[in-house]
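Before any questions on binding or motion, here is one chain by itself as structure tokens, the form predicted on its own.
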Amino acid sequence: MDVLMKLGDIDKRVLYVLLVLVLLIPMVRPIGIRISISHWTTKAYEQLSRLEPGDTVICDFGYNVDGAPDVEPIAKAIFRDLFDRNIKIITVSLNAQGPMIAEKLLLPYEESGKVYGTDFCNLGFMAGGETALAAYARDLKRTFPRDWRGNTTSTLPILQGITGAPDTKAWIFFTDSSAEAWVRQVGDLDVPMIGAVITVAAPQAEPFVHSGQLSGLLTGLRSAAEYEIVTNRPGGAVAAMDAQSLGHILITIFIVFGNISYFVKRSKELAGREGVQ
């Protein structure tokens, strides 16, 4: 009983240290806690797994840096999978911060040997919202006469033979808001489209998967971890999910022990009062 009572009086600093350790250890050495693969992730994987080496896809960046924690792990998992299979990537951006985000994600692959203009390119941002999206989905080189790095897009090898979305094998968009803009402007261009959205936007985007307007849907950190697992490329998302799961377990244990300690103390106090009477 005394041990149970003391559990409720543990110094908070000890609890914080334990929580930090539980969060850090999986980030350094992922444990690989088992998670189920959702139907939406499976559909996205099945669509992208059909791509052959040399195929070209468009990745559209439509999120701000404040939405990165929930969406960027998906982008990293997809980039890793596609580049490992020698799929070519064209990045465009519906969001003004998109080109900088894309450049940051592409840089490690360029440093490892991928060739700009041949294996990938970053076309940049075009102002105009859905009007701009409709324009570059139909004619990339006309909408972006120069890319983010100042190159003339008509001279880039990766864009030879490609006018717009129908000339590519897939369109993947990453957003921290609604998926509706892409469904409206790209959905009728006969190209498989996959959405990567923040978790809270999933309910709004799911009907588009049911209707066939989206070929797959990835939502938040969980989907990023699932995609890493199905592609046999565990990375940062799996490690983050391990940390999140262990953190939740530890907090649950704290709550249980705290409540046990409270009820033990309360029962002893009540017993003491009855003894006095």
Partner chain sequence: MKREVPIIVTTVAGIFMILEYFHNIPGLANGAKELQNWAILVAAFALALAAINLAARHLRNITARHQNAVHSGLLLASMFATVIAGIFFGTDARAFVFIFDNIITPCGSAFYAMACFHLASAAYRAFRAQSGQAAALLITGIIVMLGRAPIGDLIHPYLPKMATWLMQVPNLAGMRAIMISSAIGMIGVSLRIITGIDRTHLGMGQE
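Residue numbers count along the first chain shown, from 1. Here, rigid core means the biggest group of C-alpha atoms that superpose within 1.5 Å across both forms. As the structure is a computational prediction, the values presented were derived from the model and not from experiment.
The discussion below concerns the form predicted together with its partner chain, not included here.
Novice: Would residue 101 sit within 4.5 Å of its partner chain in the predicted complex, counting heavy atoms only?
Specialist: Although its partner chain is absent here, residue 101 would touch it in the predicted complex, with heavy atoms inside 4.5 Å.
Novice: Though only this chain appears here, would residue 54 touch its partner chain in the predicted complex if you measure heavy atom gaps against 4.5 Å?
Specialist: Residue 54: no contact with its partner chain in the predicted complex.
Novice: I'd like to know whether residue 203 contacts its partner chain in the predicted complex, with contact meaning heavy atoms within 4.5 angstroms.
Specialist: Residue-level check for residue 203: yes, a contact with its partner chain.
Novice: Can residue 167 be called a contact residue for its partner chain in the predicted complex at 4.5 Å between heavy atoms?
Specialist: No - in the predicted complex, heavy atoms of residue 167 and its partner chain never come within 4.5 Å of each other.
Novice: Can you check 115 to 123, 85 to 93, 67 to 75, 158 to 166 and let me know which stretch has heavy atoms within 4.5 Å of its partner chain in the predicted complex?
Specialist: The contacting stretch here is 67 to 75.
Novice: Give, in sequence order, every residue of 192 to 230 that has a heavy atom within 4.5 Å of its partner chain in the predicted complex, or say none if there are no such residues.
Specialist: 198, 203, 204, 206, 207, 208, 210, 222 sit within 4.5 Å of the partner.
Novice: Please say whether, between this form and the one not shown, the C-alpha of residue 65 moves by 2 Å or more once the core is aligned.
Specialist: Where the cores coincide, residue 65 shows only a C-alpha shift between this form and the one not shown that is less than 2 Å.
Novice: Residue 49: after superposing the rigid core, is there a C-alpha shift of 2 Å or more between this form and the one not shown?
Specialist: The answer is no, as the C-alpha of residue 49 shifts between this form and the one not shown by less than 2 Å after core alignment.
Novice: Taking the rigid core as the frame, does residue 252 move its C-alpha by 2 Å or more between this form and the one not shown?
Specialist: Result for residue 252: yes, a 2 Å-plus shift.
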